[in-house]
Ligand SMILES: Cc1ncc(COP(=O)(O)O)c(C=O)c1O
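What follows is one chain in structure tokens, specifically the form predicted on its own.
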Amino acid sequence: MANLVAPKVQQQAVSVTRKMSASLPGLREIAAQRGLKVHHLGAGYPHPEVTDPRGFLLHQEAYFEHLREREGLNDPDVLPEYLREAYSYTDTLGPISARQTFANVYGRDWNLTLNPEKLIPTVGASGGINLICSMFEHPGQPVAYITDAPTYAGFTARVALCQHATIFSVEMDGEGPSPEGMRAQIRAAREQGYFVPFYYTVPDGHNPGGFSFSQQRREAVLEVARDEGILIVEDAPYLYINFAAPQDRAKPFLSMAPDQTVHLFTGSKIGFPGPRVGFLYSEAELEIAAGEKVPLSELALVESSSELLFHSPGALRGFEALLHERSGDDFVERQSIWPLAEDKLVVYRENRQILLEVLERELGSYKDYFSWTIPGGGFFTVFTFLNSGKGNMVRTDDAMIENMVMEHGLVVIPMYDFYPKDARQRDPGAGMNQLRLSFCFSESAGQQRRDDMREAVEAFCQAAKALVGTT
């Protein structure tokens, strides 16, 4: 037998969310033995009440029947074109009808004319992250990505897979990243010999930051990106999970500068999680050899076809069905995704309101001890321990997280692991007094869901007060 020697690889730390997922069954068993009910304030999953597939499956079946009738086939032995397409190989771009429909509906929502030939199907937004990183890592030169501190753990995990890639992170305030800090980090990376292709962020319903960027800050960030010649990779899973009034919603970077933005869309958060339908879209051009410029979408298509040659046409046609609504006996293209999202927002808006009301009622008189972000979108708030009456700052380390489950039945996620390595080098205590609380997921529905959310937040408030010694 041949002796195979694996190439040297960098050992990667397991993310805190993975560690919690792995340890949760054992912790839940301990909590149950102590007679504690387990409360979910950790998982960032779409709610089962939102993602119930039964209505969608009936809608999809009716839409496919509509397509069959439109073909005008009378012979039951002849395979309809839509059915053949849905279960056959397709090219990497997938069915044109799904891309054209999405381009029309999404474009109307954001006052854009989207080119369906530039819509590159991805396996959710995570597939888009992998795709855009891969595009810039192949040449083998040291590459630095700019991102927020804190940032989405899935992005840091993807960057860690490439040994010649690193992160230069930017501190944030309540409106978004520091424009001056961003410019400084871009230049610092270049001075150290790195190629800097883009800034990655989740500007709406920031995960894990628990807020949305202001319009003014987006404009400042865009100015820096233009000045420094980098792209903005806009991860937009929560674009429609938005709690602001329509007139108060900030514009996505895509609608502000499609030629400077790589936009990552996913259908997962608006009720279509399982099929993992997503799109990468950009009107940017990249300079290649001899000063030639080519559309980024063309390079992304080549990159995508080398990794995932055939996307699921059935999933894309199912998403196409979701973007149509009944009109009498017919189906018509939706004018907007917002009404579709609004059906889902009912659950998240109620949960968010319960979370904020209980936090204010129980902890509002202890503002010297606690603070929390007000989520304008998305699934999360960041809860910060500011002080401890016991004289020692509360540390949200692994031991504290395990204790929250075992002693209080509370599943929460610490923030420290969301800070990139360089941010923790600047401040070893980054995130060590913070928790990410989610209000999106529970195992119940309707009134029981509301009761469970209220009970979970009340239990958390009691635990928080006990930790700082105010009870």
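All of these numbers come straight from a predicted model, not from anything done at the bench. Note that residue numbering begins at 1 and tracks the sequence as displayed.
Just so it is clear, the following notes concern the form predicted together with the named molecule, a form of the same protein that is not shown.
In summary, among the residues Y281, Y200, F211, F168, the only one with a non-hydrogen atom within 4.5 Å of the named molecule in the predicted complex is Y200. Proximity to the named molecule in the predicted complex, defined as a heavy atom within 4.5 Å, holds among I232, M182, A125, L296 only for A125. When the named molecule is considered in the predicted complex, T373 lies well away from it, no heavy atom lying within 4.5 Å. The named molecule in the predicted complex is not approached by S312, whose heavy atoms all lie more than 4.5 angstroms from it. Put simply, T156 is far from the named molecule in the predicted complex: not one heavy atom of it is within 4.5 Å. Proximity of K269 to the named molecule in the predicted complex falls within the 4.5 Å heavy atom cutoff. Listed stretches are 201-209, 355-363, 302-310, 281-289; the contact stretch with the named molecule in the predicted complex is 201-209, by a heavy atom cutoff of 4.5 Å.
Counting a residue when any of its non-hydrogen atoms is within 4.5 Å of the named molecule in the predicted complex, the hits in 227-260 run D235, P237, Y238.
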